[in-house]
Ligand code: GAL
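Shown below, as structure tokens, is a lone chain in the form predicted on its own; questions about how it binds or moves come after it.
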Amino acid sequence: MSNVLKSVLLGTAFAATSVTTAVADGVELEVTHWWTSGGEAVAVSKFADAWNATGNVWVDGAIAGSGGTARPIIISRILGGDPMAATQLNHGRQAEELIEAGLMLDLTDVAEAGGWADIVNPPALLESCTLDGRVYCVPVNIHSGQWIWLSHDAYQKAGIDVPSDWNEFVATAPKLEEAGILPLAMGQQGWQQNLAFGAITIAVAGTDAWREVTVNKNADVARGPEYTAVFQAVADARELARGSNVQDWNQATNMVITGEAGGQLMGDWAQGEFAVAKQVEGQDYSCLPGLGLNQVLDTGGDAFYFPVNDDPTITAAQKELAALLISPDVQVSFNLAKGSLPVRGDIDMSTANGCMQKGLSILAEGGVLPSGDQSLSADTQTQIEDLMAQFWSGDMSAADAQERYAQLIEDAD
């Protein structure tokens, strides 16, 4: 347990307060999350509608900004004795210390009753919700970061074909620039730049080198030739994104939608923004998983945790909501809107668009890797994001960035 968490727990007498209110026909639950873009708002409404349809009430606690902004607020409320009824976090190690401190509801009985061990695919998603054999969260989707999104309008204006992989994308950049189009849209936030770094790593260095570094914490490989090529590729990408001054990821996605930029390195959640803009995959935009080079995806994503409280009515409602979020119909409606893959391997996703079908095929073929959230602690992730923000935004050399990254991997927990 971190010293910060210890000090907060020692200094705060945890007493769960009113996370919910009993209403005439059900229970009112406050649910916090950071899904605030147009596509995300549509997706989370699927959860809210399903919960409200049970006679209960979803009180939306949206927190503007990215997960990096929202998570400290969420954790502060839980530690401060003012918990919400349910909260989005990424499945992995983000809630590890809160679970160890006894602040998260044990959902093992719900998981066993619902047969989650048999339906969650890949099994690593449920394992990431499990600590010491007990289940503490419900995974709701699979999000992968290894995608590039390409604007057909931008390439038509430049008079060139839409690229089929990362190497072709880099080669087309001069033609885009000649046409007054920014080659690469990039939001100026560390998590976005780190996501792009991860996508380029898998495309350039391959999965074996990535796994050695991210999963096995092998600093020698991080200092080796495979990662030298990665950092040079990222330095090249940095130049392609020099004119991108937007902050949020969805603003960068909009640059692709409007043809202001040729492409964006972003996770599959970008699909929600294209859907809201009424754009059609294969006609208005293209999506390349693994950047068109390595057809693999990581299995990151979102999960919901339920802070402990002392009211049995609330606890029962929390468990009811947990079961609902992973139910077949809700999994279909939510993930179709979100652009993510469902965590259930037993539902019909035949109506999904071409990008989702690509992801589903890769998942079915077993071409998946664990996400950084599953392999690295939140502290290490934050340090890497800070490094990437400095690297992408400044003039740090590729060699210096590689050495600093290798040191972080060497010290990773």
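All residue numbers refer to positions in the sequence shown, first residue = 1. Quick caveat, the model's predicted, so the values are computed rather than measured.
Note that the form predicted together with this ligand isn't included here; everything after this is about it.
Visitor: Which one of these stretches, 53 to 61, 363 to 371, 32 to 40, 381 to 389, sits within 4.5 Å of this ligand in the model of the complex when only heavy atoms are counted?
Guide: It is 32 to 40 that comes within 4.5 Å of the partner.
Visitor: Please identify the residue among 269, 166, 227, 136 with any heavy atom within 4.5 Å of this ligand in the model of the complex.
Guide: The option sitting close enough to the partner is 269.
Visitor: Which listed residue (214, 331, 88, 244) meets the criterion of a heavy atom within 4.5 Å of this ligand in the model of the complex?
Guide: In short, 88.
Visitor: Does this ligand get within 4.5 angstroms of any non-hydrogen atom of residue 143 in the model of the complex?
Guide: Result yes; residue 143 sits at the interface with this ligand in the model of the complex.
Visitor: So in the model of the complex, does any heavy atom of residue 191 sit within 4.5 Å of this ligand?
Guide: Residue 191 belongs to the contact set for this ligand.
Visitor: Do residue 249 and this ligand share at least one heavy atom pair within 4.5 Å in the model of the complex?
Guide: Residue 249: contacts this ligand in the model of the complex.
Visitor: Using a 4.5 Å heavy atom cut-off, state whether residue 298 contacts this ligand in the model of the complex.
Guide: The answer is no: residue 298 has no heavy atom within 4.5 Å of this ligand.
Visitor: Give, in sequence order, every residue of 326 to 359 that has a heavy atom within 4.5 Å of this ligand in the model of the complex, or say none if there are no such residues.
Guide: The one in contact is 338.
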